[in-house]
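Just the one chain here, laid out as structure tokens, in the form predicted on its own.
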Amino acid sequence: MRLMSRVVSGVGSMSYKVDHEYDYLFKIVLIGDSGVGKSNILSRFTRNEFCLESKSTIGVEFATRTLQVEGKTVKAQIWDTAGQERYRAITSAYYRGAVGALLVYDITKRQTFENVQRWLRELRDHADSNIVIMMAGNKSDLNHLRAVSTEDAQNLAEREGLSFLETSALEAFNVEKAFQTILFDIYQIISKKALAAQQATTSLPQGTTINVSNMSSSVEKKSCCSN
């Protein structure tokens, strides 16, 4: 069953602690052209399901899954943004608060790979500058129909500073690894920021120590002399 969402103000803001069920909540968005397999990647990761007859996503849907990262309980809230042009104006609002993104193309359709940079521009226009981005070449099970070489994809990923994996939602290949890598990278960024903040607090200059007993003695002497 698909979980259809409405626009909810403040949902998916930067990682934060909520209750005893999990330590952090990370919002991750799936982006890329329609038909590249984003919805099946989502269902494979969150429910370990794959539907050969899955229909195009309309608007936005999301699902969650909780994992352990470096001993912390992390809840991944993954948003599947529709790839169709007519929905782009709607889905752009959902980039806000995202700390990770999986940019998906279809290795059998060259045009979906050519559009990666357009999606990158849109993502960088709407998302936080520190967002963790991974590019995924999906449908690696259709290697005999390949239209995008692994080398071309790796070169693009290096130029754009992205992580890169080829995945297969059908065969459950590298889907788990893709999200685990994104979540680990996000956690590392959050941990470094927390450590830096802690070090900044402990390195603040100490105030001058005032000896209260000496001060009171001085006051007593002045009082004595004034009499």
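Residue positions are given as counts along the sequence shown, with the first one as 1. Predicted model only: the values in this text are computed from it and were never measured.
There is another form of the same protein, the form predicted in complex with a small molecule; it is not shown, and what comes next is about it.
Heavy atoms within 4.5 Å of the small molecule in the model of the complex belong, among the stretches 93 to 101, 69 to 77, 137 to 145, 110 to 118, to residues of 137 to 145. For the candidate set 162, 63, 170, 189, a heavy atom within 4.5 Å of the small molecule in the model of the complex is found for exactly one residue, namely 170. Among heavy atoms of residue 51, some come within 4.5 Å of the small molecule in the model of the complex. Put simply, residue 36 is close to the small molecule in the model of the complex: some heavy atom of it is within 4.5 Å.
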